[in-house]
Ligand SMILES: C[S@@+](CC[C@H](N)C(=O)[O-])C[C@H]1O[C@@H](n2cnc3c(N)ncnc32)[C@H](O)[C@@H]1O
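Read the single chain below, which is given as structure tokens and is the form predicted on its own.
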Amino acid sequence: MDSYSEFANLYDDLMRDFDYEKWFNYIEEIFMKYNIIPKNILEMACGTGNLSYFLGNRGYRLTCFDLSSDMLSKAYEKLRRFKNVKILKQDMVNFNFDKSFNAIISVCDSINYITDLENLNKTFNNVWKHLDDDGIFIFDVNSYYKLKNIIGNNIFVEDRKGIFYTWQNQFDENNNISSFYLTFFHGLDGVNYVRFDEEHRQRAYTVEEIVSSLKKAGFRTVDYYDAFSFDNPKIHSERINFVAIK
């Protein structure tokens, strides 16, 4: 199911407080720390191209993909100016290219949307296969702590100009799946609103599960940090960033 069908039209507005330039700068810091100078980058689950824009603007040869046609349409509007950027429709588990890359990147907890451990293993195996020797894989996850305790079984409500939404959550400790039930009301004139509903599911992975899966795929080095830093994650860290070297 294309869970971002209607959501794509609101995504950038809802994420306007999210600093993608900061995320881009952090990725470049990771490149420097690991002595990587990538020429060819693959971005998985690129969404509407917010990070892709900074990568393309820097001059990297970038291939980016997403499963949602609606999100890719928004990405194309931002990225069509860049001759060094290619946009495709593929999914994280089964993507296939006839070339390899110096770096593969996935941001904004996209990996959590892989809710089956077997598919996570397939994804990491596929990433390993598409990386050059000594290539780098950078991604982040919503932490187990965040999905269980902060998002948990809570309800969030936001009312901003032109958009009102409720976000009801349910965390299943039997399978570590966090289900998000979102109801949106939006209208450009602030008077006449249209309703639509979305359901999203993320899996809460422990650090140990992710490291084990990466090692099983063949990565020789796996490091992880409290996001946007090079500090060890804390018990209450909400986002954890992983760096794996082939």
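The first residue of the shown sequence is 1; numbering continues from there. None of these values were measured; they are calculated from a predicted model.
Separately, the form predicted together with this ligand exists; it is not shown, and the next lines address it.
Undergrad: What stretch, of 143-151, 68-76, 96-104, 158-166, brings heavy atoms to within 4.5 Å of this ligand in the predicted complex?
TA: Stretch with heavy atoms near the partner: 68-76.
Undergrad: I'd like to know whether residue 125 contacts this ligand in the predicted complex, with contact meaning heavy atoms within 4.5 angstroms.
TA: Flag for residue 125 set to no.
Undergrad: Give a yes or no for residue 47: in the predicted complex, does one of its heavy atoms lie within 4.5 Å of a heavy atom belonging to this ligand?
TA: Output for residue 47 is yes: heavy atoms within 4.5 Å of this ligand.
Undergrad: Using a 4.5 angstroms cut-off on non-hydrogen atoms, would residue 134 count as touching this ligand in the predicted complex?
TA: No, residue 134 is distant from the partner.
Undergrad: Using a 4.5 Å heavy atom cut-off, state whether residue 108 contacts this ligand in the predicted complex.
TA: Yes, residue 108 sits close enough to this ligand in the predicted complex that at least one of its heavy atoms falls within 4.5 Å.
Undergrad: Could you tell me which one of 175, 84, 170, 90 places a heavy atom within 4.5 Å of this ligand in the predicted complex?
TA: When this ligand is considered in the predicted complex, the option within 4.5 Å is 90.
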